[in-house]
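Before any questions on binding or motion, here is one chain by itself as structure tokens, the form predicted on its own.
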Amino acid sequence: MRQFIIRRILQSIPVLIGISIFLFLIVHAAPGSPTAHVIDPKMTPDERARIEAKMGLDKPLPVQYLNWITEILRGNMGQSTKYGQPVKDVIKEHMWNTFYLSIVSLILSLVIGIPIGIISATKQYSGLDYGFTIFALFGLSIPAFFFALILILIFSVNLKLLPISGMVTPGNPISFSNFKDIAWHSVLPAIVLGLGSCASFMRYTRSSMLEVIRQDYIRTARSKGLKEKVVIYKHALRNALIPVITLLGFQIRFLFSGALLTETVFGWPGMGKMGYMGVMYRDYSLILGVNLFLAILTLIGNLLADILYGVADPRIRYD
């Protein structure tokens, strides 16, 4: 296992380098400049050029990339022009808020998506199956921002049951002592963020279960007189979870990237809202730092998925 993990980490290095080059080119190809929001519009072209030179924007793109990646290797992700702080400090300040929201959303989607996927597969073509299929199509189709606005209108504006935005009630600090307040504010964002994942887990679980329960060893287990619950949850589910584990690795990245719109709509002080502000202010260092962080999360998610394969199926060996 140790050799497998080390090998996968080494294989991820060229992938990460390729991702960093692609991100750098995409960010710099977008219209606008970081200087547009940090200088006086009345400045002369010479003064503007001096500021760009100070930020290193006057150099050719290959030189800028080498300077940036060199600083990354030194642990310096650059200075945010929007927040006026080092990018790593800005990410560190906001990432735990997004981690909390993403973990709650992931747990919610797993707890709901996998069981209804199992029920949908075991009761194929029933009313429940059709109802869950409609739910999954709804979750995969509806835009997150639109669903968020609907929930705000119903539960916050009309019924006044849940808070409209923020992570805590104004005046309260974001700390563990205010966990109940944070949990109350996270209900709507977690539902919105977890809806798409829940629908995906449901569809993958249903499809995988339908394939597994038709296998010969499942018919053999039933012919031995085993209870249906034992057949489904002990024998079938374990093998059916392998494709779901693959999806789980990608969902980690999806939840963080999907948090951009969700956190913006709900005013959640996380990485999604921070990344949105970085794009609006053309904060190159912040945009690159956030996306590189998400790329690393994706690679970690894929590695975790490979490790979980062995947990779900003991026949898998890592040589």
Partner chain sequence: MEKVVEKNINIEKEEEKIISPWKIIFKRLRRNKLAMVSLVILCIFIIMSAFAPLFTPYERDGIDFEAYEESPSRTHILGTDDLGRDIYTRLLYGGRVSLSVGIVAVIIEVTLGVILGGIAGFYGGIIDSIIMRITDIFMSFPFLIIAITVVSVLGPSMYNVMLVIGFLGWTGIARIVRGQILSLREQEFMEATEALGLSDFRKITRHLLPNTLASIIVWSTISIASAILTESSLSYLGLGVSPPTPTWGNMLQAAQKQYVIENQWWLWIPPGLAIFITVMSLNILGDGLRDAVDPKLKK
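Residue numbers count along the first chain shown, from 1. On a predicted model such as this, the values are computed, not experimentally measured, just so you know.
Not pictured, yet referred to below: the form predicted in complex with its partner chain.
- Contact between Tyr65 and its partner chain in the model of the complex is not found at the 4.5 Å heavy atom cutoff.
- Ser141 belongs to the set of residues with a heavy atom inside 4.5 Å of its partner chain in the model of the complex.
- Glu228 falls outside the set of residues with a heavy atom inside 4.5 Å of its partner chain in the model of the complex.
- Contact between Val15 and its partner chain in the model of the complex is found at the 4.5 Å heavy atom cutoff.
- Looking at 67-75, 218-226, 150-158, 231-239, the stretch with residues near its partner chain in the model of the complex, meaning non-hydrogen atoms within 4.5 angstroms, turns out to be 150-158.
- Remark: none of the three candidate residues (Thr98, Ile119 and Leu255) comes within 4.5 Å of its partner chain in the model of the complex, counting heavy atoms only.
- If you take 97-135 and check each residue for a heavy atom within 4.5 Å of its partner chain in the model of the complex, you get Tyr125, Ile134, in sequence order.
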